[in-house]
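Below sits a lone chain in structure tokens, taken as the form predicted alone.
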Amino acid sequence: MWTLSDTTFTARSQAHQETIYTIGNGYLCTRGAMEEGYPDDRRATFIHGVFDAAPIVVTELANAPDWLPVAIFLEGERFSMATGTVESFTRALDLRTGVLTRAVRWLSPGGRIATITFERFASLADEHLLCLSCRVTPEFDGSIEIQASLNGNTDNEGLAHWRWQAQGESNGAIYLSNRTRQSGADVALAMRTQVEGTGQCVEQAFWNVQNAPTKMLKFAAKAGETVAVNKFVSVFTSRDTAAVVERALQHADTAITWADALDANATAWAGEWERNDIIIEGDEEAQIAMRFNLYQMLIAAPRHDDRVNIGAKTLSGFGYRGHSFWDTEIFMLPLFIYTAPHIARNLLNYRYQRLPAARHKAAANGYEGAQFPWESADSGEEVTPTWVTHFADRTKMVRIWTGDIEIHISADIAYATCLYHRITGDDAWFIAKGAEIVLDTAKFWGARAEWNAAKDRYDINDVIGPDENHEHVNNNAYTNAMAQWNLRMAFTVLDWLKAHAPDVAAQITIALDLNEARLAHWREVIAKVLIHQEASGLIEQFEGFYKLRPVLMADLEPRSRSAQEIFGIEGANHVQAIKQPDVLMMQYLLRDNYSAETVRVNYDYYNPRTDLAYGSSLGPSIQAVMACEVGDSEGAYEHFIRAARADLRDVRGNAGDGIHAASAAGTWHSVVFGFAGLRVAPDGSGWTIRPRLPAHWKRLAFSFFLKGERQQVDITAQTFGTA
């Protein structure tokens, strides 16, 4: 189960199909749009780190010049699936190698028939190399013309980011260079073509069309004889080199055949899958979905760049404009920490390099320490839009508060930092960078907590927790618990530093002003921050949650809208309809702090109040883990399969905007920590499993790394039983 495929094409699902057929290599990703184009397609290539200013959303990844265009003419008739007759159609993405193939048997309006096959991939062996093959097998004698282009006339859904700089031909390679309008980022593409097949090439020409340089190749073709043109494109930006055109041309001059490029790419992918594959036997849908989700994570993961993060829609669509959220640290980073620590380290380095921006945000809000932005892009400054168009009424604007008051992300980043250290044992990195992240975010929480003298406690007021249906709440349990954890961990980190790197401990103590008075204050906040837990173990999501109008999701059925759409943005604030589970997420991350009975009490209370079907895509995967924790195997699988289908089946109707990255990575959590029940000792000294396989699963196998050593897990229903 390695192939994602379809045999029909419908225009109404075009955007969704473009998303799921995205290819990439960790440097860039290209949506699965058709080479020849199709009306209203959303073709895009996004390169990590190449942002430009945009209205409302502040900044966005700039849709790069298009490397795909291939126009085909049969006796002068242009091939298009929007004209003529498509007599057969197949499209397949090989998840094992990242190669996308499409074959079309086409009858032109003039009665000519040809089978046209495209194959393309972004080389994982060479992140600057993009490869495309076009093969045409006519069922007539006549001429075939192929026009291979580079197109700089791209935009972000109407907003153009690029200015043309230069283009030309050099030693048979065609090049194009553009620059972003505001950020001044340069990009250069260089294209070289190779002719294969049995068709006779009778004419070649370079057409110097501004911003769309083109190589034209004309063939005298015969029925049954295949005309084949390979297109190799190299890409460099000013993030890589100042001499973008020279580097792109130099790279394009590298002698390579299609077979060699394909083999090198396959070899690189084999190494990725050796570390990351999850084997599920007895459930074909779960198996292909799991590999699809892992593939989407792997093509977005920066292997050679620690200045970028992974956005909430990866590099697969225009949604969220390439901005990164807590999705990376809480959902994606654990996957990489356990399977590809070098990638995890790059992602954490991105946060470390942006500590100055986090300190600036805290200071601007009147606090000490480091407050990371809710949405981050290239600079690490806050890029959450303040106002957006109302989803139900395009004539109205909605105030977005997440950038102002969804502050738990600072603790989330500290959490991922400590998880990386615990699982990898990378002391050198933690001493040099990780410890500072933990201590400076703790400093923020110490300043952010408000003393409530009347109740002898510390409050963290006016926040948004993970449950974004409820804004401007006080003492959100998740936020307060993670702040408490962050402060408590600061002491552990400081003690560890004193033992393992006393000079660094002394330097950080001075640099962050960690004096005894501050540390005493932290201890007091830890002891007195409010987390309201009843005698039964039930934890109130935030102060006053119990007073809201009770709402169970079952009472809203049948429906096809989210609870927020049903009640309205303001109305959702006043009912117990949860977008994603705050308390259960808190218990998932801080599992060792809660008894099995406490987890069960909270699962039973919050699960029916959480909009898992139409709320946040982040919820179902973690809900699956918690269902496993309480022995609800049927519920666990229901939550898991909902997350697994999120993009493949477009269950929320918005997959055209890009992959739901947190949901995709979250399925790994469901399988590894839920169904396999993997638990690593708090000190990283060992691990155990507690298998709770779905009843129809026959086998679950995967590997992970602990302290640099590969560990393998292989669970069979016969050996361990089911839940």
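Being a predicted model, the structure only gives us computed values, none of them experimental. Position 1 is the first residue in the sequence shown; the rest follow in order.
Although it is not shown, the form predicted together with a small molecule is what the next lines describe.
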Inset, instruction - With the small molecule left out here, work out from 567-575, 317-325, 240-248, 155-163 which stretch has heavy atoms within 4.5 Å of it in the predicted bound form. - result: 317-325
Legend entry - Interface membership of N602, the small molecule in the predicted bound form, 4.5 Å heavy atom rule: no
Inset, instruction - Verify the contact flag for V229: yes if a non-hydrogen atom of it lies within 4.5 Å of a non-hydrogen atom of the small molecule in the predicted bound form, no if not. - result: no
Legend entry - Partner contact for W374 in the predicted bound form: the small molecule, 4.5 angstroms, heavy atom: yes
Legend entry - Close approach of S616 to the small molecule in the predicted bound form, 4.5 Å, heavy atom: yes
Legend entry - Of A477, A416, A312, A286, the one that lies within 4.5 Å of the small molecule in the predicted bound form (heavy atoms): A312
Inset, instruction - Using heavy atoms only and a 4.5 Å cut-off, determine which of E127, E540, D632, E468 is in contact with the small molecule in the predicted bound form. - result: E468
